[in-house]
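What follows is a single chain, given as C-alpha cells, in the form predicted alone.
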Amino acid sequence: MRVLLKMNNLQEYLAGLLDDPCNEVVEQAVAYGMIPLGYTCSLIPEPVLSAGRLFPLRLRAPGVSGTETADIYLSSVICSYTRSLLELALDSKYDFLKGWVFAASCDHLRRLYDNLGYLNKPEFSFILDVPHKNNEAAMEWLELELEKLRTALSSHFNIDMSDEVISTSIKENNIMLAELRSIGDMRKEAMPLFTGTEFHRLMMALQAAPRKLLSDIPGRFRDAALKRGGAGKFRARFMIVGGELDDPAYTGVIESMGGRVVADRYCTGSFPGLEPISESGKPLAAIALYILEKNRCPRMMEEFDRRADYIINIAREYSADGIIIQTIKFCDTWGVESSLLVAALRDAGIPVLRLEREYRTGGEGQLRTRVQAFIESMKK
C-alpha cells in the first residue's frame, strides 16, 4: 500500500508533512482504517506500534508559538519540548490520535504523561517502565513490560499482536531502516550528494507519517540526490549530538554558515535510530535487548564510556571535523551527559561546541555567530 504522490519537489513535500501533526498522509492512513498512536521517546518500540493496522507517530509540536496554557500545569523549569506538546494537546491538535505510548524516560516526560492523563484523551494511554541498568533482571523486567503493552494494545484495539505479527513488523521495519542506513552512509563521501538538512527532513517525515505509505520515499530521495550530483561546497563537516531535535530548520541554520552535517546522534536521528532489531528468537526479547543494549540513551547508568566511544567512532568514520552538542534548556539527562561528553571528546582530540536551546528554533543570529566562530577556531 503506497501513497500516490503528486509533487514537483521532494523536499517541499517532506517539509509539508512536518507542518501539521495530522498531515495528509496521516489522514489517508486513517481513512484506510489504520490506527495512529503517538509516542515521545526512542525507548518506545516502533515495531510493536506498527503491528497490524497500528502506526506510530513521533509526537512533535510544529508551529507552537508559546506555552502559556501549558505553563499553568507544568513548571517553567520543565523542558520546553514537554511544555510544547502539552500546549498542542490542550489546543486539541492531537485529538486525531487513538492512543499514545510513553516511556518513563525522564521526570519531565512523566509529568507530561500525568497531565495528559487528566485530559482523558485519547482513551488509550500506556507508559513503559524501562530500567536504568542493563542486566539479566532488567531484561526480565522489560520483557514483562513489553508483554503488558502488547496485551493492552491487543485488548483495546481488538487486533492480533501475536509473536508472528510482531516478528513481521520487525522485519518490515528493518527493511526500511536498512535503506535509510544506506542513504546515510553516502554522507561519508568527501562531497556528500545531499545536505544534513535534507537528510534530517527525510528522517523526520518518516516519523511524522506511516512508513507503510511512504515506502518509496527513500528511493526517490536517493535518485534525486544522484541526479543532482552534489549539494554545494562547505567549510567543515559536523556531527550533531544531543537529545530531542525534530526541526530540520535548526540543522539548516548550522549549515547556512558553511557547515555540513554528516552524522547525527540524537533522539530522532540516524544513530542509533537506524540500527536493526534482531529477527531471531522471541520478538519481545529481541526488542528488549535492543532497548537496553543498543539505544545508548544517557539515562542508562554506568555506560557513559560506551556512549562516548560510540560517538567518537562515528565522528571518525564520517570524517567529522567537529561535534556540536545541542541540548534543550532544563534537560537534566542531557545536561549532565553533555558536560562529561565535552571533556571526553576534547581528550580524543575532537573540537566541540556545546549549545543550549529551547524546543522552538529561535535566536538564529546568535546560533549563526557561534557556529561561524566554531568553524574559524577549527581552521586556525
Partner chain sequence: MTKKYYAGCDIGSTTGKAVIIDDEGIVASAIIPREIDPEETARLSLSRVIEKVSGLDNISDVAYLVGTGYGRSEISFAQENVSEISCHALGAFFCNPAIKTIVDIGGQDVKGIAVNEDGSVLEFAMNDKCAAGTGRFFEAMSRIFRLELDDFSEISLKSKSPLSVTAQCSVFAETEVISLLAQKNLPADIAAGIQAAVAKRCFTLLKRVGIRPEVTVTGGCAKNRGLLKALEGILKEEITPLSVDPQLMGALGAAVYARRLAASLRV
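Residue numbers count along the first chain shown, from 1. All values reported here derive from a predicted model rather than from experimental measurement.
Although it is not shown, the form predicted in complex with its partner chain is what the next lines describe.
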Using 4.5 Å between non-hydrogen atoms, is Gln372 touching its partner chain in the predicted complex? yes
Since only the chain is shown here, I'm wondering whether Gln366 would be in contact with its partner chain in the predicted complex (any heavy atom pair within 4.5 Å). yes
Would you please decide whether Leu353 lies within 4.5 angstroms of its partner chain in the predicted complex, comparing each non-hydrogen atom pair? yes
Examine Arg53 and determine whether its closest non-hydrogen atom to its partner chain in the predicted complex is within 4.5 angstroms. no
Is every one of Met257, Glu358 and Ser377 in contact with its partner chain in the predicted complex, taking contact as a heavy atom within 4.5 Å? yes
Counting only heavy atoms and a 4.5 Å cutoff, which of 314-322, 63-71, 345-353, 27-35 contacts its partner chain in the predicted complex? 345-353
